[in-house]
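Let's start with one chain on its own, the form predicted alone, as structure tokens.
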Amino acid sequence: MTLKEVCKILKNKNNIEILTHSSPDGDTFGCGFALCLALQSMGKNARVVVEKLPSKFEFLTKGVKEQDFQGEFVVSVDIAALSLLGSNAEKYKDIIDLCIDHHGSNSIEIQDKYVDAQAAAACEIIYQIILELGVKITKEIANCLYTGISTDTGCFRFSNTTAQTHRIAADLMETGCDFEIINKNMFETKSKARVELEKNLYDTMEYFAEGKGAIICISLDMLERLNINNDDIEGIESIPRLIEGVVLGITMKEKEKNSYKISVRTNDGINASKFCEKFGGGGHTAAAGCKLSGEYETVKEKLIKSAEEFI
């Protein structure tokens, strides 16, 4: 599809539900609420479907109207696979009408799908869609879009950042977005619980492949003992990659007994998506994920062995 075709569809639809992915981040929320604000400004009924909105992202809802309507058209944003719908999967997995994403590994099989794997964040695509729709980018919309772009590029430090990324960010800054506040809240401010979590995580860290790989694990026991919520986990996956000499970092998150969400972050051109595809996952070149089940030691050793061969 082209952006014009995407916009033609959106112009002709109403009562629109916008899906975000499970374990949500700034990009999926930024996309959802920016598009919702744009559609509502066009006189349409629209709402964002979320599992749970962490308190750090509540500011993105500013200006969004609560509208009571029966959903007729479903749009997914920043969702690469149906498995990422989480608790919303049963209701929405077979009724997505339009998919907008930036993951080259997108596996959602529907007719109307727009994927730009060159976009650093899905919010870059939503920015272009909003302009094509002829909607003015307000400060509220700019805050949503900037949040998505900033968080998905690690505050413009990751290798997915492009010149276009900076141009869009500059436009959003000129619109009046609260970039300084957003970056401080997303990258500098830590709760006391987050600090305690990081202390515990470093105790779980193991190196492999002669120090080129590192792995950490967040267990259910750790989350309960430290009273950790979703806000405190945001961005934790980057910790292994920040260590000198590490080109492939793995974070294991125990979601339920013997079930793990695996997040992989890489440096130096190591393809995280290709690695995660070995386990039925995918994502971006430098950031990807998958899911594995089994005993902790078994899953950990499987990941380490595969990563050593991959490196």
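Quick caveat: nothing in here was measured; it's all calculated off a predicted structure. Residues carry their position along the shown sequence, with the first being 1. Between two forms, the rigid core is the largest collection of C-alphas that superpose within 1.5 Å.
Although not depicted, the form predicted in complex with another copy of the chain is the subject of the following passage.
* Asked: Pick from 131 to 139, 219 to 227, 76 to 84, 164 to 172: which stretch has a heavy atom within 4.5 Å of another copy of the chain in the predicted complex?
  -> After filtering at 4.5 Å, what remains is 164 to 172.
* Residue (of 66, 256, 244, 58) lying close to another copy of the chain in the predicted complex, criterion heavy atoms within 4.5 Å -> Answer to the contact question: 244.
* Is there a non-hydrogen atom of residue 235 within 4.5 angstroms of a non-hydrogen atom of another copy of the chain in the predicted complex? -> Result no; residue 235 lies far from another copy of the chain in the predicted complex.
* Asked: With the cut-off set at 4.5 Å between non-hydrogen atoms, does residue 189 touch another copy of the chain in the predicted complex?
  -> The answer is yes: residue 189 has a heavy atom within 4.5 Å of another copy of the chain.
* Asked: Is residue 155 a contact residue for another copy of the chain in the predicted complex, using a 4.5 Å heavy atom cut-off?
  -> So residue 155 counts as contacting another copy of the chain.
* **residue 183: touches another copy of the chain in the predicted complex, heavy atom cutoff 4.5 angstroms** => Yes, residue 183 lies within 4.5 Å of another copy of the chain in the predicted complex.
* Asked: What residues, if any, in 200 to 225 have a non-hydrogen atom within 4.5 angstroms of another copy of the chain in the predicted complex?
  -> Contacting residues: 202, 203, 205, 207, 211.
* Return yes or no for residue 192: a CA shift of at least 2 Å between this form and the one not shown, with the rigid core superposed? => No, shifts by less than 2 Å.
* To do: For residue 235, state whether the C-alpha moves by 2 Å or more between this form and the one not shown after rigid core superposition.
  => Residue 235 C-alpha, core-superposed: shift of 2 Å or more.
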